[in-house]
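Before any questions on binding or motion, here is one chain by itself as structure tokens, the form predicted alone.
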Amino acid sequence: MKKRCLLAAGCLLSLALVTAQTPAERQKAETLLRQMTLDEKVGQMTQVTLGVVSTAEDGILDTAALRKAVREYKVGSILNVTNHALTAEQWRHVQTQIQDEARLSRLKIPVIYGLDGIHGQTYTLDATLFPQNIGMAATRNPELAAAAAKVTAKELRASGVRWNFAPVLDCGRQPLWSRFAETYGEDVYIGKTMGATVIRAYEEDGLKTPTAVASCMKHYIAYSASRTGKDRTPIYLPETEMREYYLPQFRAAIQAGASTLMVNSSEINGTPVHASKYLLTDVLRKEMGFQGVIVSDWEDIIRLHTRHNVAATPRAAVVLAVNAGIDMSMVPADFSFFTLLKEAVQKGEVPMSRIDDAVRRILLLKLKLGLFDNPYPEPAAAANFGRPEYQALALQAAHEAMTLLKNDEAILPLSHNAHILVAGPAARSISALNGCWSYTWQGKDERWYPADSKTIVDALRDRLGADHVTTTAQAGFTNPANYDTAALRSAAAGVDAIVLCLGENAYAESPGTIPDLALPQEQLALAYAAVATGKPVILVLTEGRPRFITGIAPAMKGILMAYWSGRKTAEAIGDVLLGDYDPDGRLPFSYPRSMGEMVLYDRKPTEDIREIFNSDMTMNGYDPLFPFGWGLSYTRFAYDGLRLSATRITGAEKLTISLTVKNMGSRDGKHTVELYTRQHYASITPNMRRLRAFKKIFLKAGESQTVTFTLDRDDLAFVNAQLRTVTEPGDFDVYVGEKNAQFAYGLR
């Protein structure tokens, strides 16, 4: 109950953050509401894609279509691109035309434009792309994530766009899911820490400033928990699990001041989230206190009728969604929502109070963003595009994402005099280094990537010289030449090592659906051929989710998980392989061994036990290929002297945990210290381990540092059978590396 009171306090904080308009702005919104016709109100709730107001040529608007959308249908929001990213200058021209048209409307309400800046400003050419969220989670560096978000905000604003459909807060506990790369991995604490940090970074400068954008936490809620792993497919989820693993990220994001929220496209326990008044109003609005704008995802309101079959007619679908709590419909390709909602209001199926509530939120968002003051692209914002320091930051982010999984016989780092063969489909692919939402939706069309983008072959040749780097790879991930095992065997003669670049090409959303996590057979054949040469093989994985490498991993001398790490992925890979950067990434997920070994690190006790007969019981139920938090370095860090400030805490008392970390090697390096706890007994079966805190530090060779963590009862809480977040008295273990200690909470 005490935890629930703290939640209420957090709700008040989020309310203050989200509704921080001035009295004048609130009065402006109310004045406009009183003046607006039903058409104007419904129009504000309507969002269409750019293609509705565009010609077939990217970046060129159809003036008649734009006039129809803004003046006839009173459209309040536009999103997306038609085919590919535009230049910043083209974007500013598009935004100017749209706002010019809005200024000719009766009430001159500006249009709010939204884009998916998922790992950088996706849809502006030459914008800076950072690691996908899964890679940012591997950095274990919230400050770095915040810095990347600041750049994304600046480059969005430089494009005249003030609303970013990011970050994704879905918990990545189903690695088959095609949007796994957009998550912060399987852990709740990392997800809520990174997510809240990024949201603050987007918005904390103040949304009227040219360095900030409105964030959009998505996809509320549990979108990633698909039973089959396929996108937009059913979720079956007990509410205890939903509240334990999927809700905390959104609660933290609300408290961090997120201005908007996008809804899960799927259904939970048979109810589409877009139709769930319980989730959208009772939990989100009333329980968690979110006061911002709720926007649907792509075409998801009409799909209540056409796909979910919970609404017998298109109008019934609109009625369900709006009454559930949706404020704005991403229609997106026509004006059907406008027509249907207007009819529904006129027939008394949607009360005017619900319409006014939604429109008020939309108007307040536009006021908060300064669109009524100046809806046009700002010169000060334009000057923030493409600054050189952004590339340095992108390289730092890619460096810190690199996760070294295996390094047998210290094969890495390679000598700067080494002769190497670089092979595999990712070796000369740019799209396979960046992944989804990279200048196009799918990220596969390399024509739109910056001209100075490097491949892995390029990066290694830059460092070793072209005469030291042989390759069998050709441009194009699917190019048959990349899978030529005979060519690989022939080219391996005379080299010291093979760098084999496997994984996944870019994909986004449903096109990324796969039947299982196995690597394609042609990639496995390439790996076996490389091993058969007798040369040491270093496997470099560029992928958005963990693909099975169990059959080939034992034969690999080194394995580097590179994720999709953005514009500087190739350079970061080169620096790590050659020892110019000491790898410090940590896995944000458990790398599975096989489909039968899909156990997560925060498993329950019965998942740890393998029992045939009582006498045959073992405790090796958690058996991933590489565990959550795994990551090697070229130096060695030792822990000593784990100390607790008390052996028992009660009430609101805090527990301080400290230890000494020493760099025992000859290299300087960064290192993440992670703290886990386990409760011995509880009314809900306790997890074997839960990550409660982490800190990233830098130590020079031979240097030591004391690292301190503080825990309180909130850090030890869980969701009980009554759906309350509670901290129960009991004994706890605390783990930091191989060190552990015990304390009690609330026991006398």
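Just count from 1 along the sequence shown to find any residue number. Keep in mind that what you see is a predicted model, and the values were worked out from it rather than measured.
There is another form of the same protein, the form predicted in complex with ligand BGC; it is not shown, and what comes next is about it.
Out of the listed residues 246, 390, 563, 437, 437 is the one that sits within 4.5 Å of ligand BGC in the predicted complex by at least one heavy atom. Among 250, 165, 91, 385, the residue placing a heavy atom within 4.5 Å of ligand BGC in the predicted complex is 165. Interface membership of residue 509, defined by any non-hydrogen atom within 4.5 Å of ligand BGC in the predicted complex, is confirmed.
The shortest heavy atom separation between residue 79 and ligand BGC in the predicted complex is within 4.5 Å. Within this chain, residue 444 is remote from the site of ligand BGC in the predicted complex, having no heavy atom within 4.5 Å.
Contact check for residue 567: no non-hydrogen atom falls within 4.5 Å of ligand BGC in the predicted complex.
Heavy atoms within 4.5 Å of ligand BGC in the predicted complex are found in one stretch of 532-540, 410-418, 648-656, 211-219, which is 211-219.
Of all the residues from 306-335, the single one having a non-hydrogen atom no more than 4.5 Å from ligand BGC in the predicted complex is 330.
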